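Consider the single chain below, provided in structure tokens and representing the form predicted on its own.
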Amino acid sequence: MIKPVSVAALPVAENFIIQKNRIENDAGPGCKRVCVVTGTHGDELEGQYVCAQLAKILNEDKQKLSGIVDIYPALNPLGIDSVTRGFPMFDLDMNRIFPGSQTGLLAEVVAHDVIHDIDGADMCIDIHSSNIFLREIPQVRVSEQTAAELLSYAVMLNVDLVWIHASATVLESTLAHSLNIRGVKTLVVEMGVGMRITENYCTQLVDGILNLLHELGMWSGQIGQVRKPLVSKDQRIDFLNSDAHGIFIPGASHGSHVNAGDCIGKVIDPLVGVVVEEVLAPNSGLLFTLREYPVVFGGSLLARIMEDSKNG
């Protein structure tokens, strides 16, 4: 059932509208509700395919569902329509204005409506892609403050990595933070690259969502084999930034294990045809972020490596 979440008037007799697809079965009093949201950034499209595949599977075997799954494929439809990362016209990142305001500008009202609609759910999965510059393996990111409560759910999502990161002030204005403090357990998934769809990553996450529904007692249908993710903390992540400007050519495979001293890639100067920087792995570990967009400047992020456990 398609339901409106937020509706506002636009110029020239048009309407701004956010919609959700509610799929429910055996949804009596006290039933569980899980929300799957994506499209907060207009250049993040991986979640669009996840929502489509999840809706297809649940609708085809609805009798195997117990409870409610609400699917929100586009929290920022204007951004998706215009291939704009932020909220068009307002020059802002929609994921920095939650929980919004009932009496604010359009973007703030939309954020308020989204929070109000999701409020009361048992779980929320907030799906993001990377930007156009970086490619990420499927991962769940949780803050240190919420790790104790969320880690047991994060490992159910069939991702490759769970990154427990230190909190920053800016995170307080995100959808995930706003929902978590309201008691809606919210997991942030990041994968792939901006403006693209990585089909195998999306299929992997769909299997993970079905597994989570199964573990919550909401799904009795088929689920794929679920992998056990690596779990990391901030102090085990190496950030590799460029010291030069030029064109970055990767020298290692994204998602692979690298050894200390391995060449992650090279920065070349296209004007004179020389290598101006060789990027080496400082430690052995999982290469879970790799530069996708080749043009770099001094300070550009090239890669992230999760160091191997000191305990093996």
Partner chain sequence: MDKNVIYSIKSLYRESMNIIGYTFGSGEHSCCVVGALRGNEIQQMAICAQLIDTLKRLEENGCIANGKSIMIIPCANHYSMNIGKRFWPLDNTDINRMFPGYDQGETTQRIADGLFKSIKDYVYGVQMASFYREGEFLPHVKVMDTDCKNRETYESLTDFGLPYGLIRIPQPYDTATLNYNWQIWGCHAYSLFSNYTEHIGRQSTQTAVNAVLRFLIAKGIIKWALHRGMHTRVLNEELIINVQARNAGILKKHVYVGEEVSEGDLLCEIIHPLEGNTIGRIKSPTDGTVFFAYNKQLVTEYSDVFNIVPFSYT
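All figures in this text were calculated on a predicted structure; none of them were measured in a lab. Numbering follows the first chain given and starts at 1.
Only in words, not in the display: the form predicted in complex with the partner chain, which the text now covers.
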Stretch in contact, per heavy atom within 4.5 angstroms of the partner chain in the predicted bound form, of 107-115, 157-165, 182-190, 139-147: 107-115
Any non-hydrogen atom of S300 within 4.5 angstroms of the partner chain in the predicted bound form: yes
The partner chain contact in the predicted bound form: G42, any heavy atom under 4.5 Å: no
Touches the partner chain in the predicted bound form: R236 (any heavy atom, 4.5 Å): no
Heavy atom of Q225 within 4.5 Å of the partner chain in the predicted bound form: no
Of K64, H254, H245, R33, the one that lies within 4.5 Å of the partner chain in the predicted bound form (heavy atoms): H245
In the predicted bound form, the one of E172, E199, E215, D81 near the partner chain [non-hydrogen atom within 4.5 angstroms]: E172
Sequence-ordered list of residues in 45-63 near the partner chain in the predicted bound form, where near means a heavy atom within 4.5 Å: none
